[in-house]
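Here we start with a single chain on its own, the form predicted alone, put down as structure tokens.
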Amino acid sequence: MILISGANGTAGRAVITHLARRGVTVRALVSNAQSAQSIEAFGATPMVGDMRDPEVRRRALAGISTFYHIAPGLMAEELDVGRQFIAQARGEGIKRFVLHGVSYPYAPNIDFHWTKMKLEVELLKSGLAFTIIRPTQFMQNITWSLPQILQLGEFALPYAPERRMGFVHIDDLGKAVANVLTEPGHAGATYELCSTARPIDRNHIAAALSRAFGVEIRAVRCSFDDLQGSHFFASLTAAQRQQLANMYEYIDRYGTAYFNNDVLQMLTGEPTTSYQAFADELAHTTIPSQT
């Protein structure tokens, strides 16, 4: 049986979908009953509990052979919880520990990146058979701001539009991680998952959206303060906002362009999803705002 923690997030649902198609039994650790109901529809057996609780972790790991650990986004206790999961996984005799990491973890001024780097070190020292997954930014992250983008004709973020980055389609990630979790031969590997065949910038993204939706969209730069009024940012603590501000500052200075873009296709044996294909997919499922 496979355990997935933080299972009701975007990545967890994608991985569970592909595991369920193969008939793999998945235990999904989620934080509340609503998430349990949601994740059950994807084909997993939900377990409700707070992963910060040692007893919850013990019950979640019991009888498990393979563990895919996904920490909730910007979780304040992520480092301690991850260390405890590693220690308890050793005690339970877990055969495979797969860590959902982050691209560019080696950025000490971005706390949630640097935390995942520390957890990678903990795994290296643990003696567990481990695999590290480092996804690039999800293409689907744009969906929270898409209505405003379509309304204003601008894709605004607080970094230069020319900065190049890698992006992964969540379904591509789901396929690849499902393979890693069920196939032999991935122990000790660190995989960067990037769907785009080359790094792209926000001008490329704006052009893809323009073609897909039949409207003119420009990539522009805004200030970080301009994002504060959105529903997503309004729900964050001051510390979490600062982490994101640090992330955008890093992207503005360096971008995140350096990946092996062939790894994902190597893992799945299938072509990956281009940003244009993703934009076309969005256009077929999204009703543009009329306001």
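Heads up: residue numbers just count along the shown sequence, starting at 1. From a predicted model like this one, the values you see are computed outputs, not experimental measurements.
Below, we turn to the form predicted together with a small molecule, even though it does not appear here.
Trainee: Check Q243 for me: does it contact the small molecule in the model of the complex (non-hydrogen atoms, 4.5 angstroms)?
Mentor: Contact check for Q243: no, nothing within 4.5 Å of the small molecule in the model of the complex.
Trainee: Flag A156 as yes or no: does it have a non-hydrogen atom within 4.5 angstroms of any non-hydrogen atom of the small molecule in the model of the complex?
Mentor: Because no heavy atom of A156 falls inside 4.5 Å of the small molecule in the model of the complex, the answer is no.
Trainee: Is it the case that L282, even though its partner is missing from this view, gets within 4.5 Å of the small molecule in the model of the complex, heavy atoms only?
Mentor: No, L282 is distant from the partner.
Trainee: Heavy atoms within 4.5 Å of the small molecule in the model of the complex: does A11 have any?
Mentor: A11: contacts the small molecule in the model of the complex.
Trainee: Out of the stretches listed (260-268, 57-65, 25-33, 221-229), which one is close to the small molecule in the model of the complex, meaning heavy atoms within 4.5 Å?
Mentor: Only one stretch qualifies here: 25-33.
Trainee: Just to be sure I understand the contacts: of A178, L209, C194, A71, which is the one whose heavy atoms reach within 4.5 angstroms of the small molecule in the model of the complex?
Mentor: None of the others qualify; the residue that does is A71.
Trainee: Pick from G43, G49, P46, G255: which residue has any heavy atom within 4.5 angstroms of the small molecule in the model of the complex?
Mentor: None of the others qualify; the residue that does is G49.
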